[in-house]
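Only one chain is given next, in C-alpha cells, and it is the form predicted alone.
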C-alpha cells in the first residue's frame, strides 16, 4: 500500500473530473431533506433563494446536508470561553441561541460526542435541538470508547445507549466509530471487533436506529486502508477526515503519524464515499496565520476573513458532504454562514495560490497542536493546548526572538511574557510539567508534549532572565 499512496497525488482539477455529480431525484423530501430512497451520487446544490446555504446530497440516504456543519465540541461556557477549557458550566442559553440561528440560516448538521465538553456536549446539544422538529436537523455522534474502562461490550453498549438519552432521540442520523487509527490495529480490534460492537452497530443500521454509519480517522493509515478494503462488507456511508490546505500535502511533514489529506480524500472519492471534514482551520492555526500570509490573503479578498479561505478550500471538493466548525461565539457562526451561503468554490488559480501559501507557512516552525484537548486533563494542572497555542501565536506574529541582539527583542520579549501570563494562569504554565507523559499517547498529532513543555519553559526562563 505504501507505493500506492506515494504514487497517488491527484490535483483538485482531477477530483472534479472523477467526482462529478450525477443528478438526484428530490421527491419525498421532508423539510430537512431526509428520505429513504438512495440517490446515485453525491450532489451539490444551493438551497432555494439567493444567499442560502449550499447543500450536498448523500448518495446512500439522499439526505440534503448543509455544507457547513456545526461542531459541538467548543460550546460556550458561562465564563465566556469554550466549555472545553476550565471547569465553567456550558452556557445553555447561548447554545440554544446559536443552534436557533444556525437552523434559521440553513445549517442542519450537528456533530457531537460523549467525549466533548467534559462529557456534557451531547446533553447540551439534545436540549437545544429537541426544541425543534426532529426532521429539521441531522445529529452526528460517536462511540468514543477510548478509555480501557469502556472497551468491554457492556461498557461500549452503555455509552451508545446513553447517547440516545442525552440527545433525546430514537434514532441517530450519523454514528461514527471515533478516532480510528489511534493506537493502530490493536486498538481498533479491541474497541470494535473482539467485543462485537461493529457487528452490533451494523445491525442497528439495518434496524434504522442508525441511519448512516461511518468512522473518524486519526493516526495509523493502515487502519484506514483496512476499513476501506472491507468497504463491500461494511458499506461505509461516510468517513470523517482532517482536511485543510496545509494538510493537503504537508500533513506527514508536520507529523509523521499523520496522512496527507490528498491521499485520504482520493481513497474515499474513488469509492464514492462522502467525506465529512474536521479541522478545516487546523485547530485555529489557519485563522491565525503569520502576518505576511494574512496580508496576502486580505490583499486578494479584502472583505473576507482569513478563515474563509480555509473553509472554501475544504468545501470546494465535490465529495465533501459537510465541513465541521466548532463555533463558540455568534460572530464565528455568522462569518462561516457568509462563506457557505452559498459557497464560492475555489478556482484552479486560487487552489494553486493556497498551495503556495501552505508552502510558505511550512517555513514557520509551529507546533502542530489542533487544540483538540485529547491530552487533557493534565494530572498536574497544566493547560497544555493554551501553552502550545500561545507559542504558535507569538511565532506567527514575529514575537519569538532568538537573541537579545534582535532588533525587535524588547517588543517580542514583552509580547511573549505578558501574553503568556494572560493566556495561561501561572499555576498551569509549562514549568509545572514533571514529564509524566500521560498526555502524548493521546495526541492525534504525535506531539512529544513533555519535550515541548521543557523547551517552552526554558525559553520563558531565558526571556525572564534575559540570557538569550
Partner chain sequence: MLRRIRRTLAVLFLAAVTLLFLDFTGTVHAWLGWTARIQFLPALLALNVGVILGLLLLTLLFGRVYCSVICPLGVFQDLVAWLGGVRKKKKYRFSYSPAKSILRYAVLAVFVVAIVAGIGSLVALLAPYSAYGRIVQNLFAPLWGWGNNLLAYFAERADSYAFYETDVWLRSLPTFLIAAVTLAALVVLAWRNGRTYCNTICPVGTILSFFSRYALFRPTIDAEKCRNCTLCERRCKAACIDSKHHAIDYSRCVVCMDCIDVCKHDALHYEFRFRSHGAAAPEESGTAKAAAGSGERGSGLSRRRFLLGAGALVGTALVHAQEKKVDGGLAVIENKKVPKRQTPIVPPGAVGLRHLARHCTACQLCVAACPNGVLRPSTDPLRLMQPESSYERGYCRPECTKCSEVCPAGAILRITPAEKSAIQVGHAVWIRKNCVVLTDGVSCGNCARHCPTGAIQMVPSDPADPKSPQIPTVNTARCIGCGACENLCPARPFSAIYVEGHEEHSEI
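Note that the structure is a prediction, hence the values are computed from the model and not measured. Numbering follows the first chain given and starts at 1.
FYI, the form predicted in complex with its partner chain isn't displayed, but the following is about it.
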query: Within 4.5 Å of its partner chain in the predicted complex, all of 105, 304 and 369 (non-hydrogen atom); finding: no
query: Residue contact check: residue 60 to its partner chain in the predicted complex, 4.5 Å heavy atom; finding: no
query: Exercise: residue 408 in contact with its partner chain in the predicted complex, heavy atom 4.5 Å; finding: no
query: Residue contact check: residue 272 to its partner chain in the predicted complex, 4.5 Å heavy atom; finding: no
query: Residue contact check: residue 222 to its partner chain in the predicted complex, 4.5 Å heavy atom; finding: no
query: Partner-facing stretch of 319-327, 369-377, 351-359, 89-97, counted where any non-hydrogen atom is within 4.5 angstroms of its partner chain in the predicted complex; finding: 369-377
query: In the predicted complex, the one of 287, 190, 255, 118 near its partner chain [non-hydrogen atom within 4.5 angstroms]; finding: 118
query: Listed residue that, although its partner chain is not shown, lies within 4.5 Å of it in the predicted complex (heavy atoms), from 126, 76, 114, 266; finding: 114
query: Sequence-ordered residues of 137-173 touching its partner chain in the predicted complex, heavy atom within 4.5 Å; finding: 146, 147, 148, 149
